[in-house]
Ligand code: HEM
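In structure tokens, one chain follows: the form predicted on its own.
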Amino acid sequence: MAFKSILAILALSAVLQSVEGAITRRIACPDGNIASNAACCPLFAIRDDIQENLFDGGECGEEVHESLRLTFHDAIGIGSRGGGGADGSIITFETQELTYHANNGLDEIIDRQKPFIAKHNITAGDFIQFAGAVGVSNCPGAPRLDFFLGRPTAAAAAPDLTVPEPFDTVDNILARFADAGGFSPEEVVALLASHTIVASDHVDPTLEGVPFDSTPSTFDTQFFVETQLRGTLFPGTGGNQGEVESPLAGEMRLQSDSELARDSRTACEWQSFVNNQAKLQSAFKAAMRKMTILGHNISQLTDCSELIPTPKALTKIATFPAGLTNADVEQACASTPFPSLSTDPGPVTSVAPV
């Protein structure tokens, strides 16, 4: 017993020394903030600046939606055909990459971000992913994303056709993600949780800021409910490439989302997110961590995740929009029934643009 006690004391001492070492390694930044690594210190000023002047005081609005979209379009540019991944090439080589059809409309958010990059002397690759993580933190229900610092300036533009398009087949989408970073079908579905706070500006050229679900300012599972409801109308004009009918006025449904929600390889995973906020947060955080460091060795980056604010919690559960019920679900998962949900009261829902 005495020998076991000595071992326990030694183990506790080692733990305390480890904790004490972690505490003493935290340093005071020149601006008075405290960080675990001096390399992270400049990010405090960048975070405060973009929260106030890019994200309108910390809102989950259009600039957040577009900044999140930009994280993906930059990072996915990698694979067997070349590309450096999350390296900022979409800004550094914007004259080339913005000619790619998939990047249509990203010039606006790039123009908004470039002055911050110049002001704070940060690489485009780091800024794109940092702004995306900070922006997502403004959306209630979102996970607190990781951020790693240290991406060098991009050396070359990513090749065209590395960004999946909404009119691509499920086969092509899954193959592109697998080629880019070995993403599984489950990870692809998790990444598409981003569509809960993203809107379309260019699929229908007559509309801007068209949400993909009825709650575009909250990171919730409503997107995974509404993509499985029977489509009945278009928010604007019909016949646009990459768009199919949605269940709600003012809501857009991408062809790729519709098909992934109904494909045998992804339908059950898609449905599994309905009313499972904890899984949604965990899976999206893990998939985003993998995506945002594509092209880099994580051991050569600095973990500055502590700079990312903690999003507000979300307590509202998923529901069927007013006027719709389980009878409107196009059941695609063969092994599991669709979850039982209540229907919102009131007249049939119409979704406002963001």
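Keep in mind the model is a prediction, meaning the values are calculated, not measured. For every residue, the number given is its place in the sequence shown, counted from 1.
If you look for the form predicted together with ligand HEM, you will not find it shown, but the lines that follow are about it.
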### Task
Could you tell me if all three of 59, 137 and 280 have a heavy atom no more than 4.5 Å from ligand HEM in the model of the complex?
no
### Heavy atom within 4.5 Å of ligand HEM in the model of the complex - residue from 235, 166, 141, 84
166
### Query
Of 273, 72, 148, 100, which residue is found within 4.5 angstroms of ligand HEM in the model of the complex when only non-hydrogen atoms are counted?
72
### Query
In terms of non-hydrogen atoms within 4.5 angstroms, which of the given stretches 152 to 160, 261 to 269, 118 to 126, 199 to 207 touches ligand HEM in the model of the complex?
199 to 207
### Message
in the model of the complex, does residue 308 come within 4.5 Å of ligand HEM, counting heavy atoms only?
### Response
no
#### Entry: 4.5 Å heavy atom contact, residue 228 and ligand HEM in the model of the complex
no
### Task
Could you confirm whether residue 304 comes within 4.5 Å of ligand HEM in the model of the complex, counting heavy atoms only?
no
### Task
Give a yes/no on whether residue 222 approaches ligand HEM to within 4.5 Å in the model of the complex, heavy atoms considered.
no
### Query
If you look in the model of the complex, which residues in 45 to 84 sit within 4.5 Å of ligand HEM (heavy atoms)?
65, 66, 68, 69, 72
